[in-house]
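A single chain, nothing else alongside it, follows as structure tokens in the form predicted on its own.
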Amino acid sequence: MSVQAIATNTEGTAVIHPAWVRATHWINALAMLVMIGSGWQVYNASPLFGFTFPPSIALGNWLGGALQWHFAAMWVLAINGLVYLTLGFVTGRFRRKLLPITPRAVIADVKAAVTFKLAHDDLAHYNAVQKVLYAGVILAGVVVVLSGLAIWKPVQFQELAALFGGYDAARYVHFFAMAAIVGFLVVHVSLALLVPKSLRAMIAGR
């Protein structure tokens, strides 16, 4: 069976999210939650700004413990993310779901969203706002992994660190990429609660 046939078969009228999308989605979600919590604890050891995160929402209790959690989740996120990206491109799902994105469509859907007129009847179709958010969080995920590697091994990955402007700059890039992901999660979870059938679809696929 061809790749196109597989894609058509997995994304027909009955199945909204094929099994590989659901599996990678929930693995990514768990890995990202661990990375966020442990990342806040790592941040607290050497803050970039004039604030720290409350220990009650940080993971690891101390720097060493947080780093162990962070590195463990990093490999899960990197490997699972690579599987997700590979299948997304190979099956053509990204092309079908995320393209095209036009400024006019984004502006129109933003206006509809803020006036609570944005339709959610067809879960198989992403509106322009969803396309921008999903494409953006994929990019943020790639940046957060690469900048994390530059921070972790700035000598071994010196070319990568240089790409981000050096070790110190890579820390800021890493922080803001993670902040973008946290912002996406807040919006994503809020919408899932407002439209419960979207959550059911990501669990059951239909």
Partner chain sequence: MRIRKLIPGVDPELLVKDAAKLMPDPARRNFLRGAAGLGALTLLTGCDIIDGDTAEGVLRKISSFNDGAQAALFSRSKLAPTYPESAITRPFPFNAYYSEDEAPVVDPATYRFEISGLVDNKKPWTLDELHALPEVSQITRHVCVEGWSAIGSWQGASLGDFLKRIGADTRAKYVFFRCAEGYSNTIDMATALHPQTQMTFKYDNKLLPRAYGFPMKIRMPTKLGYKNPKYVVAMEVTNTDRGGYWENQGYNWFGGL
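Positions refer to the first chain, counted from 1. Since we're looking at a predicted model, the values are computed, not measured.
Just so you know, the form predicted together with the partner chain exists too; it's not on screen, but the next bit is about it.
Student: Counting only non-hydrogen atoms and a 4.5 angstroms cut-off, does Phe71 reach the partner chain in the predicted complex?
Tutor: Looking in the predicted complex, residue contacts with the partner chain include Phe71, since a heavy atom lies within 4.5 Å.
Student: At 4.5 Å between heavy atoms, is Trp62 in contact with the partner chain in the predicted complex?
Tutor: Trp62 belongs to the contact set for the partner chain.
Student: Going by a heavy atom distance of 4.5 Å, is Val42 a contact of the partner chain in the predicted complex?
Tutor: Contact with the partner chain, yes.
Student: Does the partner chain come within 4.5 Å of any heavy atom of Gln158 in the predicted complex?
Tutor: Taking the distances in the predicted complex, the answer for Gln158 is yes, it comes within 4.5 Å of the partner chain.
Student: Taking 4.5 angstroms as the heavy atom distance cut-off, pick the stretch from 176 to 184, 23 to 31, 137 to 145, 158 to 166 that is near the partner chain in the predicted complex.
Tutor: Checking each option against the 4.5 Å cut-off leaves 158 to 166.
Student: Considering only 134 to 153, what residues come within 4.5 Å of the partner chain in the predicted complex, judged by heavy atoms?
Tutor: Those in contact are Trp152, Lys153.
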